[in-house]
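Read the single chain below, which is given as structure tokens and is the form predicted on its own.
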Amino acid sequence: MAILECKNLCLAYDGKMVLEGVNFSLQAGNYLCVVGENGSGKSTLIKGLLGLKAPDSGSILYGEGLKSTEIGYLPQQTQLQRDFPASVGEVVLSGCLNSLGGRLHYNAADKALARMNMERMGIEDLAKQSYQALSGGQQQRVLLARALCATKKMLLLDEPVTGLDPIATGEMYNLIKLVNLCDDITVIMVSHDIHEAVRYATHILHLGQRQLFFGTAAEYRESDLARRFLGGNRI
């Protein structure tokens, strides 16, 4: 059974169609990169997948017991968020908020999960440091650890390497791929970096206010669409 399936999905604002004709499905452990130019509907699709925007028509279906509230989400950061006055440990632990249920406080299991994910991201020694004092690469590791606290099945990442230097970018891509492979977590990543998308992803979804392509990364690499998008360059 697919962990995620979009059927004839259309999303609109105030009656104006923003994204239409989206049909794809993912199996658990797939790694999907969503690509397209600005205004192509990528951000709107994210809101739909997170349950923040209801379909105008069509449907978004989850399998494997997944709920939209159980998707780990790493958003693009604003400057205000980069300057958030909290410790690294507090930011990571906040990923457990949706699992609190009727509880008012984090329990020992929540705190243990936060510690484990900080260790996985190599930031356990930063737990008491101020989040706003970290480098861009360190902050993204913190946010990835936070997202992992929210899910065991699916991560949604919105341009996770924007603004990072080449070394931090490579490290971030490698961490995401390790999570995908080692934990069998389905990854959906919005990216402008086609070359790296094809390198790491199993599948590509190309949007242009509608679905222009969905298939494997290998199929996309050979497509005319990919070559046109890159100005004639071959991936």
Partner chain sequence: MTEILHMLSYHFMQRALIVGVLVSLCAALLGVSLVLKRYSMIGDGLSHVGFGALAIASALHLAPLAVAVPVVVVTAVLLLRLSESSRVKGDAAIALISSSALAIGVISVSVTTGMNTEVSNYMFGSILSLSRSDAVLSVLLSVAVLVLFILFYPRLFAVTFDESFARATGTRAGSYNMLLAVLTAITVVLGMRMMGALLISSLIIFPALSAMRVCRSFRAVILCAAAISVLCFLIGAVASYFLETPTGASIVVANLLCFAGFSLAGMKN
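Keep in mind that what you see is a predicted model, and the values were worked out from it rather than measured. Positions refer to the first chain, counted from 1. Between two forms, the rigid core is defined as the largest C-alpha subset superposing within 1.5 Å.
Another form exists, predicted in complex with the partner chain; not displayed. Remarks below refer to it.
Engineer: In the model of the complex, do Leu52, Thr69 and Leu104 all reach within 4.5 Å of the partner chain through at least one heavy atom apiece?
Structural biologist: Checking in the model of the complex: Leu52, Thr69 and Leu104 are all within 4.5 Å of the partner chain.
Engineer: Note which of Ala86, Met116, Leu164, Leu134 lies within 4.5 Å of the partner chain in the model of the complex, where distance is taken over heavy atoms; exactly one does.
Structural biologist: It is Ala86 that has a heavy atom within 4.5 Å of the partner.
Engineer: Is there a non-hydrogen atom of Glu124 within 4.5 angstroms of a non-hydrogen atom of the partner chain in the model of the complex?
Structural biologist: Result no; Glu124 lies far from the partner chain in the model of the complex.
Engineer: Evaluate Asp158 for contact with the partner chain in the model of the complex, applying a 4.5 angstroms cut-off between non-hydrogen atoms, and reply yes or no.
Structural biologist: Contact with the partner chain, no.
Engineer: Is the gap between Ser130 and the partner chain in the model of the complex 4.5 Å or less for some heavy atom pair?
Structural biologist: Taking the distances in the model of the complex, the answer for Ser130 is yes, it comes within 4.5 Å of the partner chain.
Engineer: Spell out, yes or no, whether the shortest heavy atom distance between Arg146 and the partner chain in the model of the complex is within 4.5 Å.
Structural biologist: Arg146: contacts the partner chain in the model of the complex.
Engineer: So which bits of 84-98 sit within 4.5 Å of the partner chain in the model of the complex, heavy atoms only?
Structural biologist: Read in sequence order, the residues that approach the partner chain (within 4.5 Å, in the model of the complex) are Phe84, Pro85, Ala86, Ser87, Glu90, Val91, Ser94, Gly95, Leu97, Asn98.
Engineer: Ser68: with the rigid core matched between this form and the one not shown, does its Cα shift 2 Å or more?
Structural biologist: Yes, Ser68 moves 2 Å or more.
Engineer: Please say whether, between this form and the one not shown, the C-alpha of Glu159 moves by 2 Å or more once the core is aligned.
Structural biologist: Comparing the forms between this form and the one not shown, which are aligned on their rigid core, Glu159 does not shift its C-alpha by 2 Å or more.
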